[in-house]
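For reference, the chain that follows is the form predicted alone, supplied as structure tokens.
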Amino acid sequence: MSAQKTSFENSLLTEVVKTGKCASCGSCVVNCPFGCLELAQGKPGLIKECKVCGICGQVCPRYKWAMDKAEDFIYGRIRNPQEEFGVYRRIAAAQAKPVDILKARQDGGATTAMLVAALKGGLIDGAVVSGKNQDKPFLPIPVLATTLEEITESAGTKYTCSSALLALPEAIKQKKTKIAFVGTPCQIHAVRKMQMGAVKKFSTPVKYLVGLMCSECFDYEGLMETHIKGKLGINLSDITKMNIKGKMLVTTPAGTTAIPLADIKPYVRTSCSVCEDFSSELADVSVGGLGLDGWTFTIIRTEKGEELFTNAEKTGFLESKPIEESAFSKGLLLKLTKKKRDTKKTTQPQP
């Protein structure tokens, strides 16, 4: 039986969900034309009989994934060994200029600045971002932001999983035709796989892909409820910011608590062990902190990424400066990229 006509049970359920590889991106749920699938506790499952159309397998970034094919689709070639963190046009340190963005930023606020500038200038008519859950602090929820205020409110990193692709149907519903999608490497892979395949309905409005650098993602209940609230006694509602700079830094009005990464390693999602992409190598623009103080390490990879970044600079939303070859942040990028590739080779997720 061909992959195109394989049922959910014989494809994703067997090879992705039960093996612990599922990224919880939501691509299979969004694209199922018969509404057979639903995410429950971060995993897709059947809510009615599968029609064996094979579409879920066509759009899943963890099923029969081929990085080299994706690179060739985006860049017209496969990266060479010297391009250790993927194909790119240039790298820069970037910082937002508007005060309201600087107040809400994670590091340099570059992502928010690019999105705000693009929305204000008409390059996009919305952005898929990780919004805030009003009941569970720092539990991200997929949101289609269509105003400057909604984009700014979504600023800041949440270190647990958001099934970002679940926001794409809202873009179709609102008849958006040019949106920016912000996501982790696995989510960027999902959108690219949709763009590469025959099922393009929900990827058609996506104009720009902004990829977040990501070593790993944490289980919300384990990290936030069990460790930060339970073991450390921190009220989750008091947290104003979370960051990772060698340690996880949790900031409240009372001060900042530094948590050794080894202490929270048990809460890392098992699916992260199959990912070899640290710096979102398939995005138009990749962003991360990488040890920079108040700046965002930015990798402009495609012509679209250049357009998004340059627009923010020219309109006064963003300033940038070059990153030297010997810079600590460049070395850290290379180190984390290698670690991610090596981890993928030596670990296997458990169901």
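Since we're looking at a predicted model, the values are computed, not measured. Each residue number is its position in the shown sequence, starting from 1.
One more form of this protein exists, namely the form predicted together with a small molecule; it is left out here, but the text below deals with it.
Chemist: Just one of I91, I264, V199, C217 has a heavy atom within 4.5 angstroms of the small molecule in the predicted complex, so which one?
Modeler: So the residue touching the small molecule in the predicted complex, by this definition, is C217.
Chemist: Name the single residue among V116, L168, A180, A110 that comes within 4.5 Å of the small molecule in the predicted complex, judging by heavy atoms.
Modeler: By the 4.5 Å heavy-atom cutoff, the listed residue in contact is A110.
Chemist: Choose from 98 to 106, 168 to 176, 231 to 239, 82 to 90 the stretch whose residues reach within 4.5 Å of the small molecule in the predicted complex, heavy atoms counted.
Modeler: Heavy-atom contact with the partner occurs in 98 to 106.
Chemist: Would you classify P205 as touching the small molecule in the predicted complex, given a 4.5 Å non-hydrogen atom cut-off?
Modeler: No, no contact at 4.5 Å.
Chemist: Is there any non-hydrogen atom of H227 lying within 4.5 Å of the small molecule in the predicted complex?
Modeler: The answer is no: H227 has no heavy atom within 4.5 Å of the small molecule.
Chemist: Give a yes or no for G156: in the predicted complex, does one of its heavy atoms lie within 4.5 Å of a heavy atom belonging to the small molecule?
Modeler: Looking in the predicted complex, residue contacts with the small molecule include G156, since a heavy atom lies within 4.5 Å.
Chemist: Can any non-hydrogen atom of G289 be found within 4.5 angstroms of the small molecule in the predicted complex?
Modeler: Contact with the small molecule, yes.
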